[in-house]
Structures are given as C-alpha cells and as structure tokens.
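Single chain ahead, written as structure tokens, the form predicted on its own.
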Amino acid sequence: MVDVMKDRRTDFGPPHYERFLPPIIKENYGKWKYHEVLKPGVMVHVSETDAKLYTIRAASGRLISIDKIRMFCDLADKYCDGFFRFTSRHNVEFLLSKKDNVNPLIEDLKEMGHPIGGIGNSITSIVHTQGWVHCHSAATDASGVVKCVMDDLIEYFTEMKLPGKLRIALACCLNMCGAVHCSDIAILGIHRRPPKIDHSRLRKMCEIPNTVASCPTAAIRPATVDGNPSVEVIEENCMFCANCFTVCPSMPLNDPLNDGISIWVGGKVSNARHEPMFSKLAIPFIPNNPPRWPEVTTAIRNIVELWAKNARKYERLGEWIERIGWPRFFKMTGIEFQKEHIDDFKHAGLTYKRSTHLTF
C-alpha cells in the first residue's frame, strides 16, 4: 500500500498524482513515441527506451461495492504490481508492464463478468448521474437505463466495427450532472409538470424567503393560501429544475405519469476534424418504462445503426448529421419533428441558422 502521508508538508488536499503512477510511467515520462490498439480493449504505449505499457480496459458500473473494488485490487496485485485506475466514463483500466499477463488478466475479468472493450472505434461505458438510487430531483433512473442500453449495445463495446468513437451519457434531470451536453448520444430525464405544493405543510417545514430565492427563473413568489403564508408557482416560468424541492420538501416535483426521458444527439468534446459541438434535441419525450426501458433502447439502437451504416470513417455522429442535414436525419430515423424541436429561448436567435442554404 502506498504511504500517502510520506513526505507530506500538510494534511490538506489530495496527495500529488505522481505518487500513484506505475514506475514504468515515471521512468519514461516525456519519452513515449506512439501507442496502438492491439485488439478491442487492449492498447500498448511504446517508449523511446523500448519499454511497453499495456492498458486493458474493462466495463464497470459507476456504482460498485467495496467487495468489487477489492476484487479489482486483487487482480491488480496479481498482474499489475498493484496499479489500476478508473476512467472518467466509469471503465476500469489495468496498467501492465508484462505482456505475458495480458491474456490471463482478460480471462479473469471475463470470468468476473466484465467484458473487455471500449477503446478505438467503439462505445465506451456510459457516464451517468445518480438517478433514483440517490438523487431527489431525478426524473428517471440512471443505473437502470444505462444497464439496459449497454446490454443491448454490448457488441459495439467488445468490437471495433463503428465508423468512429461513440460516447453516450445520461443525466437524470435537466440539471445535467452528467456530460450529456457534449456526448454523441445523450439520455436526459425530464420533468413536464411544475412542483406540487403542499400548502398545509409548507409553512411548518420551509422558510418561504429561501424557497422563493431558490428558483433561478423567479417562478416562485410568496402567496397567502387559506389565510396562511405560502408560495405559488408561475408555471410558464418553471423549468423543472427541482431547486425548490431541495430547500422545501413540501414542493415535490417527481410525477410518475409525466416524468420521462428525452434523447439528444450530436455533441462531442474532441477538437479533431471539427470543433467541439453541443448536443441537440432528437426525441422530446419517451415515458419511463422500467425495469428494461424497451422504447429507449430501441430508439438509441436505431440512431446508432443508422450512423454506423452511413457515416464515413472516423466521422462522429454530430459530424454525420451536419453533413447530411437535420431534415434528412429526421427522415432517416423516422423521428417525428414536433413543436419541442423549435428553440423558443429568448436568446435563441443568436444560434439560429441564418443561411438560406439547407442540406437534404
């Protein structure tokens, strides 16, 4: 075990990341010549000194038990001198300096139920938020939807048969704790009704000034109900963020009938070939249908397979849509254009297409 307190001058803040790097990375810092993908989920970095660092990426859940972490640690001790890491998209990566350990580690991971993949032209694990397991403002589940979508698309994780990278993200409400605004496909939970107000309990449980101040769009204002102090909601100003419920439990937003999922497409962070892009609305609403969310998995598979069939090599989803045009994207996917696709934000004019040219 690494002595994290050794040579520390203060006990504030995290220890320096260099102390957790494998020796081979420290020894070859600034000397790496190139890297290549050997097979799905396996990559090698080669140094000027001919040293080789092998990376094995395995799928992992975002929420895992202590027992699972200990199992990963045992594998790292057995094959990697104790070194492994988690990626920002919830994959687990083992860093090896011995080539002979690659295949035995892969077999042990598969036996544990963790498929290998997610490197190169493939789908990586879905980054997501808390969902029903923890978050009080969630409009849908996170772990459940992600499990169902990845079960359906697992072939695109374990193989590299897509035109380019595909990044999927899920946020369980429009506060967007996940990377949904900049992923190729985004699954976003949405509320469609303003909070319900329990006037009889509000004055006993909530501070009215704090409740009013919690709303970012000034949709809440003080009111008198049945002779008692309370609040009212201006529905057309409400953006369903659940900030009010955070400070006032008497204003719940969750609604089993009207909560659901929207699908957004075309975002990316990469600056290669095209500047970074924000995702745009594709499907305004899909009802929650746990435990397997069949409508969501079907919709996402439809988009993925159309892109895979028609995109050019290395062309990201948003780049493909931009090339063929949004009218043709809606026609090919069979997605109905609805009023929700029209951007009515007061500053939307800054982002409207001003050219008369359309691509069909």
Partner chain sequence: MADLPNTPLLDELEKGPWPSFVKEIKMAAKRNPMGADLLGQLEQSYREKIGHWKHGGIVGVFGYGGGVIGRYSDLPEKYPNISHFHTMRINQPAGWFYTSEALRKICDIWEKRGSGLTNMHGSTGDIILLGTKTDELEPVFSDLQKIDFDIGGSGSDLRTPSCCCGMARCEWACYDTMALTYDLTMHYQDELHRPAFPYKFKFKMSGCPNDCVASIARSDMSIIGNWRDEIQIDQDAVGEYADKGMDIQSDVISNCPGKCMEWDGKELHIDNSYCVHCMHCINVMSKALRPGKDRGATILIGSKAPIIEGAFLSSVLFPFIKIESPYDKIKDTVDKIWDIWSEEGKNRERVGEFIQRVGLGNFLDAIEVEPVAEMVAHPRENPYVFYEEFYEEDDGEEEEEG
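Note that the structure is predicted; figures quoted are calculated from it, not measured. Only the largest set of C-alpha atoms that superpose within 1.5 Å between the two forms is called the rigid core. Numbering follows the first chain given and starts at 1.
The discussion below concerns the form predicted in complex with its partner chain, not included here.
Proximity of R70 to its partner chain in the predicted bound form: non-hydrogen atoms within 4.5 Å are present.
Among residues of the shown chain, P284 is not one whose heavy atoms approach its partner chain to within 4.5 Å in the predicted bound form. Contact annotation: G227 falls outside 4.5 Å of its partner chain in the predicted bound form, judged by heavy atom distances.
Among heavy atoms of G61, some come within 4.5 Å of its partner chain in the predicted bound form.
A heavy atom within 4.5 Å of its partner chain in the predicted bound form is found for one listed residue only; from M160, A223, I234, M176, this is M176.
Residues N210, S214, P216 of 191-229 are found to place at least one heavy atom within 4.5 Å of its partner chain in the predicted bound form. C215 shows a C-alpha shift of 2 Å or greater between this form and the one not shown [criterion: core-superposed Cα displacement of 2 Å].
C244 shows a C-alpha shift of 2 Å or greater between this form and the one not shown [criterion: core-superposed Cα displacement of 2 Å].
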